[in-house]
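Given as structure tokens, the chain that follows is alone and in the form predicted on its own.
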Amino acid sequence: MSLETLSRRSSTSLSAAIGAIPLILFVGLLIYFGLNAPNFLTVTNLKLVLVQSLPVMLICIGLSAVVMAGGDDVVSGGIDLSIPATTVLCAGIMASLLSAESTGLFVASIVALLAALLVGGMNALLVTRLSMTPLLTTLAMFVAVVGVNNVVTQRKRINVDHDAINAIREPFFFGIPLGLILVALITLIAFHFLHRTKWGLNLQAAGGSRDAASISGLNVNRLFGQSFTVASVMGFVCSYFVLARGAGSSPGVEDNLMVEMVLATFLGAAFSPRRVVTMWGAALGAVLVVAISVGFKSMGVNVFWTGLIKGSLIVVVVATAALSQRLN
């Protein structure tokens, strides 16, 4: 066996080991919570984790589509930090219109969907036509959309008591909440489109190598732009679950959603043999991240320390992903 082959195998093994660090770290934290946090491993608590992870899971599906289309590089590749802001804007619009009692859910949903599509369209335009960096573009859009939501809601909590919204968190089948069933269906549909259709495979090809995809005849910019539309639609869908979880629209929800979205999506790459972001990995990552949050809360950890720990975990996840890819 040649030295070059040994070196390549050694590099591959080291890359796999580094890529698995975030997953090992999270599993270690879960084991720690299971041993020390009261009632962490009870059926009731595990059900709470699943229910709380639903909004995060939905926006992670949207972000995974953008990452798959633009590439895993956080700085120059695909990323959309505006999805949580789109979610709270749609929630704020629907809550404001429903509270007026003169507008039905259908009309409120149409207005919210149009707002989400506008955000997604602007992201696509700025990134694909003006060649702006996705990271800075979507971060700026996040700030702008949150500002618009503050104008819409006057930065006040708006309660929502609507049968269709309430049904999302109510038991539907053998005690399973309707929201859990809906997200399972949405996840299966998203998986089919992103991983089993020609469009989804083209999307992944564009993110895998833009030059190769362009040479093969794919319109890379169009595919990348379409991924931002998918992300905005998932932000819109997520708004129903945010309204259901909080019984209304509340200011400040977007910050925690963004942290958990980024952490879960890139943590999910640890589930992939090639250490790349996938939809299934992002969905599983969402459950793990929420489980960690619930574990910290169960142990009475101060919310500020929780934020610091989550931020540190993001650094670890992104750094190990970058290092793992460099070694491949």
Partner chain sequence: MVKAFPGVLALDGASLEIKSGEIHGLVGENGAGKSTIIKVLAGVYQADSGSIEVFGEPLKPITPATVHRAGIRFIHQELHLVPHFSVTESVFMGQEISSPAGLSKGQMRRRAESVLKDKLGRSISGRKLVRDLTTAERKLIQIARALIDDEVRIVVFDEPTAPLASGEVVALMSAIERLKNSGITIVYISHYLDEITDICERVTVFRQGQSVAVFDTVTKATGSDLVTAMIGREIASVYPDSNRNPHGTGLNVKSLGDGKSFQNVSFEVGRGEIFGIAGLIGSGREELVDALYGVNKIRYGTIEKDSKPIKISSPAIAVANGIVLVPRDRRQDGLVLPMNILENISLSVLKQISSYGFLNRKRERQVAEQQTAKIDIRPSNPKTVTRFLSGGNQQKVVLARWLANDANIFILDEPTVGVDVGARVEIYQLIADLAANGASIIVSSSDPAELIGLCDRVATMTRGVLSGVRITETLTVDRLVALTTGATQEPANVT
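Residue numbers count along the first chain shown, from 1. Just so it is clear, the structure is predicted and the values come from calculations on it, not from any experiment.
Heads up, the form predicted in complex with the partner chain isn't pictured, but that's what we're talking about next.
Proximity of Ala100 to the partner chain in the model of the complex: non-hydrogen atoms within 4.5 Å are absent; the residue sits far from the partner.
Interface residue remark: Asn202 is counted as part of the site for the partner chain in the model of the complex, having a heavy atom within 4.5 Å. Though the partner is left out of this view, Gly208 does reach within 4.5 Å of the partner chain in the model of the complex, counting heavy atoms only. The shortest heavy atom separation between Ala212 and the partner chain in the model of the complex is within 4.5 Å. Taken together, Ser109, Arg169 and Leu178 are entirely out of contact with the partner chain in the model of the complex: none brings a heavy atom within 4.5 Å. Listed residues Leu218, Leu182, Leu105, Val253 were compared with the partner chain in the model of the complex; Leu218 is the one with a heavy atom within 4.5 Å. Screening 190-198, 239-247, 157-165, 84-92 for residues having heavy atoms within 4.5 Å of the partner chain in the model of the complex returns a single hit, 190-198.
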